[in-house]
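The form predicted on its own is given below as one chain in structure tokens.
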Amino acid sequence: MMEEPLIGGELLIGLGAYLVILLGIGVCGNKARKEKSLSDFYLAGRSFGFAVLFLTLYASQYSGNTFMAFPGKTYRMGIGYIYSVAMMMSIILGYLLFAPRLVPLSRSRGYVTPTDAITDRFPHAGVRTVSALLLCWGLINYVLAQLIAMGKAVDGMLGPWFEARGLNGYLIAVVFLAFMMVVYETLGGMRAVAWTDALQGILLIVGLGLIAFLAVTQFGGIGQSMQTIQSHSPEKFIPPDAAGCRDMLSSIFLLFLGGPMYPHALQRLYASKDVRTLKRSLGTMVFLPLLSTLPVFLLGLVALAQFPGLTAGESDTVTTLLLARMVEVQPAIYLGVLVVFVAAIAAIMSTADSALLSLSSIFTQDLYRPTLKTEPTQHHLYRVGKGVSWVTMGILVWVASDPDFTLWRLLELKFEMLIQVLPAFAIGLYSKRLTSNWLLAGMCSGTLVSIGLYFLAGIGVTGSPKPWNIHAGMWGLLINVSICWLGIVLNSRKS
């Protein structure tokens, strides 16, 4: 008779209780809505105060990448990945390039989607379509990464329990949790998502602190882990060479410039009460990588000491492998592991639901609405947005059922496209001499350069899509900004 796995039913009960709470929040969000309009559904009436705005921004930024991708990257790269703390701090600084000017405009001009701000400044059909497609690409990529992270988290913790019953834990987790997200998102819109984000943000802060404490105390401390790593993987202590430093700086700038382009984060800026509330929230978030990214970096090092020899794909599951090992070593900490596990799922769901909501709003407003001959009612667009969420999630669940790439690779691909939209905000909000045609030329050229570098690497013309160890998207952005700057110079000479 097969022995019952040590980790099993209790974790499912805890996760089930958490999901019931999320559904309850969705119902409350549905009851709290004031009207069936896009502004109310997607921006919650622009009513977020400091606490809700801070927690929803925090929960959206620290996602499945925090619990799964970052420890996995630390496992593969070693101590050099300490730069991830600075990388996450840089995202908050990136918001300051345009957010203080964008928020007052969003309220006075009634923006609902990120593309609304772009087309208000650049009233051009091509600009609207290209920017909307780039933002949708980033969101689709983001939701897909979160679905994969959910599946890996559940399978890493409960895989033996499901296997003992002849079930595929990864697939069950992806399908069921995706279904739950779409249900409470379509019930309550931004209110439900933000309120669940507030709960998930609190769980995330507690969970990250607890997992770092448990990882360090249960396995002899960081010092012992370092000695173990030194004995079997000394290359993980080698400082990066010049090429590695360029790759590191490219990654920091990729997140510094791309992170603020998260469409769901931009919509949270719209939903803030005022600029003062926004600045307080961003000011507080600058320091949170020390409490969020640093613990998972340490977690990756402990995992490297405990589980040497994992493949790249397996390394994305080191968080759950460590949690399972903790329970085996010390069953008395089961409750703490339960809290961390629920916090990990909460972190993943908090970003996936936000990205899904933003995706439906951009598709509805910026891709679907312009194709109609007559102006649709708000109720019609509201219903279309809900339908888009269900269809998109169904397709992404199918794609996520058999992934063959790392979560970090998805994160890079997402930002390399999103940063091509940055000049519309960081330059367009400050320079009146940048015209629609020049912006469109810059976005299209930057995108084609980024895609082209991947294509050339794929067919073997170049060895990597990172010439000189700099991301393809950064080369694309250089071309993008250069074209925009050229347009500004030529237009200033005309005037």
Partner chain sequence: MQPKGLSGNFIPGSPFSFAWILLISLREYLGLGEHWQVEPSGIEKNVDEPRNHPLLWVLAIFLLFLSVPFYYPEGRTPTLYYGLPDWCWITLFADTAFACLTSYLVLKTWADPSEKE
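Numbering follows the first chain given and starts at 1. Keep in mind that this is a model prediction, so the values were computed, not measured.
The same protein also has a form predicted in complex with its partner chain, omitted here; what follows describes it.
*Asks:* Exactly one stretch in 143-151, 99-107, 359-367, 385-393 has heavy atoms within 4.5 Å of its partner chain in the predicted complex; which is it?
*Replies:* Result for this chain: 99-107.
*Asks:* With the cut-off set at 4.5 Å between non-hydrogen atoms, does residue 431 touch its partner chain in the predicted complex?
*Replies:* The answer is yes: residue 431 has a heavy atom within 4.5 Å of its partner chain.
*Asks:* Would residue 253 count as a contact of its partner chain in the predicted complex, using a 4.5 angstroms cut-off between non-hydrogen atoms?
*Replies:* Result yes; residue 253 sits at the interface with its partner chain in the predicted complex.
*Asks:* Does residue 223 reach its partner chain in the predicted complex, with heavy atoms at most 4.5 Å apart?
*Replies:* Yes, residue 223 lies within 4.5 Å of its partner chain in the predicted complex.
*Asks:* Using a 4.5 angstroms cut-off on non-hydrogen atoms, would residue 427 count as touching its partner chain in the predicted complex?
*Replies:* Close contact exists here: in the predicted complex, residue 427 approaches its partner chain to within 4.5 Å, heavy atoms only.
*Asks:* Heavy atom within 4.5 Å of its partner chain in the predicted complex: which of 380, 165, 232, 276 fits that? Just give me the one.
*Replies:* That would be 276.
*Asks:* Work out which of 124, 121, 325, 76 lies within 4.5 Å of its partner chain in the predicted complex, going by heavy atoms.
*Replies:* None of the other options qualify; the answer is 121.
*Asks:* Even though its partner chain is not shown here, does it sit in the predicted complex so that 111, 290 and 294 each have a heavy atom within 4.5 Å?
*Replies:* All of them do, each having a heavy atom within 4.5 Å of the partner.
*Asks:* Does anything in 226-254 come within 4.5 Å of its partner chain in the predicted complex by heavy atoms, and if so which residues, in order?
*Replies:* Contacts from 226-254: 226, 227, 230, 237, 239, 240, 245, 248, 249, 252, 253.
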